[in-house]
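Before any questions on how it binds or moves, here is one chain, the form predicted alone, in structure tokens.
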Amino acid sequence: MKVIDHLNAANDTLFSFEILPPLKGKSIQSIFDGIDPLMEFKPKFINVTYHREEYIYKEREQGLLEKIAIRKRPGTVGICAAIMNKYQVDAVPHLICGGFSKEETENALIDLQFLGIDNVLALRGDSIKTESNFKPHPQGHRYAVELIEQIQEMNSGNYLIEDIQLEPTDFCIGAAGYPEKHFEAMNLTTDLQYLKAKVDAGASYIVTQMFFDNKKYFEFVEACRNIGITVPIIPGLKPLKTLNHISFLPKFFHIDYPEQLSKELLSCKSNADVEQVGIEWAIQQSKELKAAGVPCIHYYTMSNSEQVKKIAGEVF
């Protein structure tokens, strides 16, 4: 079932979450161990992230360096299929531009369709660690809107290989939104224009980046509605967990902490202190969002379900 159908059919705020693929060498059980504790809250869909390749350099003869691509985590296709088979819950694989040609993207989508996976979250993706700026595959997409356009072309039965008759796909496409704007955007106005272009291209719903100030989410939704974006906008929440999060999350994700949360975090002396503050703050956020009638609350678990279980237990 498509995410948009779940959202349209719901009478109350839905619960969903996102997981990381396990590091290579770990079994699928590590995924199930993170999902099992959250099934009591009846998630309608579970997102599975995709992580780009990284590069290492190995020294060869005569001092030459060889650049070798490695992937620390497996792809999402098999993981999504396993989740749907075990839990009978829709899985939403993340599909990114970085590192993929258009042909590879098409092949991935054909595999997803074959397995009965009809949801994707279309993202540009981040640059790799060795790049200062995002660099697309030479035969790939530079922007998420181009990826969405390709998926929609396949939904219309238009494939890259024109001389082969293939059935149209039927993907429900999600897109990412940034209540505090994408860090590369000139301002929030231009960022909203890019978001509207993704919706116009075929995105059926939006999932936001994490935020810690609900006011920014509500203002973001209002701004979206004012420029004609009418699709559901799902708030994404991440509970703080470690002392490192205090400085890392604002720096890496370009987000702000509200003043009250900052005061509470500055008083934390240990990871346990931060974790407790994170749980309490997320409960407060979630209750306010649910009371406002948001379509769904999406939690970024990083495959650690303990905190989200405690939060959901107070909200759902």
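Heads up: residue numbers just count along the shown sequence, starting at 1. Computed from a predicted model, the values in this text were never measured in an experiment.
Omitted here: the form predicted together with a small molecule. The next part is about that form.
Asker: Heavy atoms within 4.5 Å of the small molecule in the model of the complex: which stretch in 220 to 228, 143 to 151, 104 to 112, 237 to 245 meets that?
Answerer: Partner-contacting stretch among the options: 143 to 151.
Asker: Please tell me whether any heavy atom belonging to D90 falls inside 4.5 Å of a heavy atom of the small molecule, as the geometry stands in the model of the complex.
Answerer: Close contact is absent here: in the model of the complex, D90 is far from the small molecule, nothing within 4.5 Å, heavy atoms only.
Asker: Does G125 make contact with the small molecule in the model of the complex, using a 4.5 Å heavy atom cut-off?
Answerer: Flag for G125 set to yes.
Asker: Does any part of E180 reach within 4.5 Å of the small molecule in the model of the complex? Heavy atoms only, please.
Answerer: Residue-level check for E180: no, no contact with the small molecule.
Asker: According to a 4.5 angstroms non-hydrogen atom cut-off, is A185 in contact with the small molecule in the model of the complex?
Answerer: Flag for A185 set to yes.
Asker: Though the small molecule is not shown, can you say which of V199, I96, I233, V77 has a heavy atom within 4.5 Å of it in the model of the complex?
Answerer: Filtering the options by heavy-atom distance leaves I96.
Asker: Is every one of F41, F211 and D213 within 4.5 Å of the small molecule in the model of the complex, counting heavy atoms?
Answerer: Checked in the model of the complex: no contact with the small molecule for any of the three.
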